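Here's a solo chain for you in structure tokens, the form predicted on its own.
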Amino acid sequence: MAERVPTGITELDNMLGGGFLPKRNILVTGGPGTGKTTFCMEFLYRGAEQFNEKGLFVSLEEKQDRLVDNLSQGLDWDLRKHIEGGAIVMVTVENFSWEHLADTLQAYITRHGVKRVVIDSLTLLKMNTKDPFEFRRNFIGLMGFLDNLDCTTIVTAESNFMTREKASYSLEEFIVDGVIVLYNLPIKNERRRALEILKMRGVKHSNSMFPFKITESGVVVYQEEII
């Protein structure tokens, strides 16, 4: 079997046959409240905690302290230990330009030996690039740029659909190597989170949609239940 980058989310790694392929770009998309930030931070946290791999979280909006405070509510991770120890680096890019983003990524990845990257979010990248053609050109360039930096990258995106039947996709889903969709489905009188692997190049993966919960220890996917 090809070398893998485990997410550390046991059930998801089972669905992926062991994890992501190295140096691939993965899009994690979902609506509000689907758990995108927790999912992505767990990828970095498990990398530091279990696999001795350094991680980088690049935010285009939220400050480090606020993000860590929010994640500390209800999770028993010691994120601050890894941040203070340098295993997880968190950066906010305030003065956005594609060149500045690329320079920031390269500087931190090479300086700190980063192997896992999260960019939050694709939606804000779009908002900062008014011309759709320019956005696509720059996004393709950024993904190619990251391919050469020996790291595995997750990019988040907001979706405006709540169910699989109403899903619509943009060019970005076709550019990246993999797409994981998170849902917050209305079922009877409550909402239930669910996850599916929409695509993953080079990986034989599950095509089913499974429910998941965010517990004190992180994301738990229930493979015995199919939605």
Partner chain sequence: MMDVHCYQYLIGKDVGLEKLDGVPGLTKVDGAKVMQAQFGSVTVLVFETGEVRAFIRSSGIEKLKNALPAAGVKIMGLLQAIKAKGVEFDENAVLAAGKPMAFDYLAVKGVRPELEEVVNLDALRELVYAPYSIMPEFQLERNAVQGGENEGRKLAQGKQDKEELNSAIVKYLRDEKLGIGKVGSKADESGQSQYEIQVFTVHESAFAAGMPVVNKALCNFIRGVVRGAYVAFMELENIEVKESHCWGLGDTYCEFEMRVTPM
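Treat the numbers as computed from the prediction; the structure is a model and nothing was measured. Residue numbers count along the first chain shown, from 1.
Below, we refer to the form predicted in complex with the partner chain, which is not included among the displayed structures.
- Comment: 100-108 is the region of 151-159, 115-123, 68-76, 100-108 lying near the partner chain in the predicted bound form, near meaning a non-hydrogen atom within 4.5 Å.
- The partner chain in the predicted bound form is not approached by residue 84, whose heavy atoms all lie more than 4.5 angstroms from it.
- The partner chain in the predicted bound form is approached by residue 91, whose closest heavy atom lies within 4.5 angstroms of it.
- By the criterion of a heavy atom within 4.5 Å, residue 138 is counted among the residues contacting the partner chain in the predicted bound form.
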